[in-house]
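Shown next as structure tokens: one chain only, the form predicted on its own.
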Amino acid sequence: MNKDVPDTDASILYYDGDYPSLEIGDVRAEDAATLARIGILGDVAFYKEQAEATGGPVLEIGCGTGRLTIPLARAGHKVWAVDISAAMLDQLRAKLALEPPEVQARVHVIQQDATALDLPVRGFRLAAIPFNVLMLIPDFTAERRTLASAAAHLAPDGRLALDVMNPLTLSLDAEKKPSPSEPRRNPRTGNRYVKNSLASRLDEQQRQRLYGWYDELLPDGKIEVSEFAFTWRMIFRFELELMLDSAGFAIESLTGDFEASSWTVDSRRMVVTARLLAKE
């Protein structure tokens, strides 16, 4: 999440409803349908495969509420889970408290700015920057610093895995008419809600403001309204490749989804694995 988004922003409060986990909590069939619609149905499995291939430990940059963190820890991997949002980390800690002690012991929860990451350990085998996190650091220089910070914490020949949306499939113009989501379930309350979204036109720095509100149906029939707003920066394919190269990474794969389909201009996402090059 953007570093200036307040802890009370509705996008944080409803995060687990917007991007449900198929491994944590009360899982429903509709959750898989939601993930499929937004193109991230296989993301957790993908990152677990990357952790298994490298052997861990894992540096997760932008861990949020633990949608990836906890499955990695359950699979036996040590995870340093980093996020700038105190509210999201509080949600992660609450989930961890329900896990067995051995799972809890594998997770180190850290609140830090990814652009200036400074952990007491180095030598990670894998750095993960999942689900649009790089886009949510909406500044070109800051994104490059984030990749450099990841590189500085990796072991020689360590691996980076990340995914972002493909901007060629997104609208670059302003969306002034609210776009309602399908009805979803708030996992904290069990109530149904709808997310109403708008967007600004892409600016000269490739940034777009996303904003709107959530309508949650309360048991007494009333509607509770909560507002959200955040900014992301669209990253185009060859820009991403140049950013990774300048941070010292060699791309191993760049695909259009988590099933390793070839990337095309119509692909929903850019899913990347890269290896840290040895310094000369």
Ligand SMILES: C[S@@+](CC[C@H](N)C(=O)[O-])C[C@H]1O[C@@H](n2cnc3c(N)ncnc32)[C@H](O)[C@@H]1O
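Start at 1 with the first residue shown and count on from there. Quick caveat, the model's predicted, so the values are computed rather than measured.
The same protein has a further form, the form predicted together with the ligand, not shown here; the description that follows concerns it.
Between the options L136, A151, A199, A73, the residue in contact with the ligand in the model of the complex by a heavy atom within 4.5 angstroms is L136. Residue in contact with the ligand in the model of the complex (any heavy atom within 4.5 Å), chosen from L92, M165, I84, V103: I84.
Although the ligand is omitted here, in the model of the complex none of G158, A161 and F249 has a heavy atom within 4.5 Å of it. Heavy atoms within 4.5 Å of the ligand in the model of the complex are found in exactly one of 58-66, 28-36, 249-257, 210-218, that being 58-66. Remark: L96 does not count among the residues lining the ligand in the model of the complex, judged by a heavy atom distance of 4.5 Å or less. Among residues of the shown chain, Q205 is not one whose heavy atoms approach the ligand to within 4.5 Å in the model of the complex. By the criterion of a heavy atom within 4.5 Å, L276 is excluded from the residues contacting the ligand in the model of the complex.
Although the partner is absent from this view, Y193 stays clear of the ligand in the model of the complex, with no non-hydrogen atom inside 4.5 angstroms. Using a 4.5 Å cut-off on any heavy atom, the residues of 114-135 that reach the ligand in the model of the complex are, in sequence order, A114, T115, P130, F131, V133.
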